[in-house]
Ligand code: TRP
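Given next, in structure tokens, is a single chain: the form predicted on its own.
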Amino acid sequence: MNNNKISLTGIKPTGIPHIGNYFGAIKPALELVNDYNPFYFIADYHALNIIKNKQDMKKLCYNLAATWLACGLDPEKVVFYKQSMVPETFELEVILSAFTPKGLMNRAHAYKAKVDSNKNSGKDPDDGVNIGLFTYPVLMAADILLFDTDLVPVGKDQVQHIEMATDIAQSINYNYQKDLFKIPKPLIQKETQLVIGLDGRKMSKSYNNVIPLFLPENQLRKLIMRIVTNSQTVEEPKNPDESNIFSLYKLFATPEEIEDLKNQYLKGGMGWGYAKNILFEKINSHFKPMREKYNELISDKKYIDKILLEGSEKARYIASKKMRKLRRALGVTN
């Protein structure tokens, strides 16, 4: 860790990670260890707004933990914990709620989007809206403020959550005339390269066009062969800039390899099956060591439990000190 600035990354266990997640979130988040003192947590109570099945929740949490560990997260160098195992988070949420105007929550993007969708569908504005969704930003603020977080890596569409955490923190600091909370800042993530899905649209679970990270080789090959192409013959020159295969290939290949394949596209004589096979080999070789590590981890859930317990104990040690200080400042304890 190269400085004392804390970064915090929350990861919701709401689906099986895919290549788009890897390049858009996992890889850049893991690189934070080079410049910050990073905290990573599995946001299982955030996910509870969506995941209501016990077995699904347990499975997704294990899958997510194993994925991040397989992708290179080193629990010796970072704080890696499970949100539900740090109860101080939820005590702080109650405190923050007492200083959070309802009007602020009314402006939250996720809540507004749900209400607008209901209105457009002729439904009651609050149909399907639970309090967990409505107060989601308060719990997120608790996640952030509990650890005196300096920076929160977010996309542009999530900056509002940091702004809300800041509003709440400043309100409490002003009320007690003390800097009880550090004011967090968003670490705006650079625009990552668009990761194309099987059908040419952005890779997304909602489009059912994803390539999961750790598919067995035979399943991965079958999936790659489903990538949508045009009807050009083998002999015809092809435009690499209009190829879903080439777009994905560029994520994994060296500049020299990219240039070589580009030339093969342009001169003709290359069929789509050949291009797909080259892509399969690249993706498979890139993720094979991670896949082997993932399979090893997911078959040893006691080890994952141990890692999360140790990380959560580290987080609780820091959180408990923060909460003792805060309780005294509020006058609820001596």
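One rule holds for the numbers: they count along the sequence shown, beginning at 1. Everything quoted here is computed from the prediction, not taken from an experiment. Whichever C-alpha set is largest while still superposing within 1.5 Å between the two forms counts as the rigid core.
The same protein has a further form, the form predicted together with tryptophan (TRP), not shown here; the description that follows concerns it.
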(message) With a cut-off of 4.5 Å between heavy atoms, is T135 one of the residues that contacts tryptophan (TRP) in the predicted bound form?
(response) no
(request) Spell out, yes or no, whether the shortest heavy atom distance between N244 and tryptophan (TRP) in the predicted bound form is within 4.5 Å. (result) no
(message) Please determine whether V152 contacts tryptophan (TRP) in the predicted bound form, using a 4.5 Å cut-off between heavy atoms.
(response) yes
(message) Does any part of F287 reach within 4.5 Å of tryptophan (TRP) in the predicted bound form? Heavy atoms only, please.
(response) no
(request) Counting only non-hydrogen atoms, choose the one of 121-129, 235-243, 153-161, 101-109 that falls within 4.5 Å of tryptophan (TRP) in the predicted bound form. (result) 153-161
(message) Between M57, A43, I307, I298, only one gets a heavy atom within 4.5 angstroms of tryptophan (TRP) in the predicted bound form; which residue is that?
(response) A43
(message) Just to confirm, with a 4.5 Å cut-off on non-hydrogen atoms, which of L213, I227, L146, M140 contacts tryptophan (TRP) in the predicted bound form?
(response) M140
(message) Using a rigid core superposition, assess whether G20 undergoes a CA shift of 2 Å or more between this form and the one not shown.
(response) yes
(message) Once the core is aligned, does N106 move its Cα by at least 2 Å between this form and the one not shown?
(response) no
(message) If the two forms are fitted on the core, does K119 show a Cα displacement reaching 2 angstroms between this form and the one not shown?
(response) no
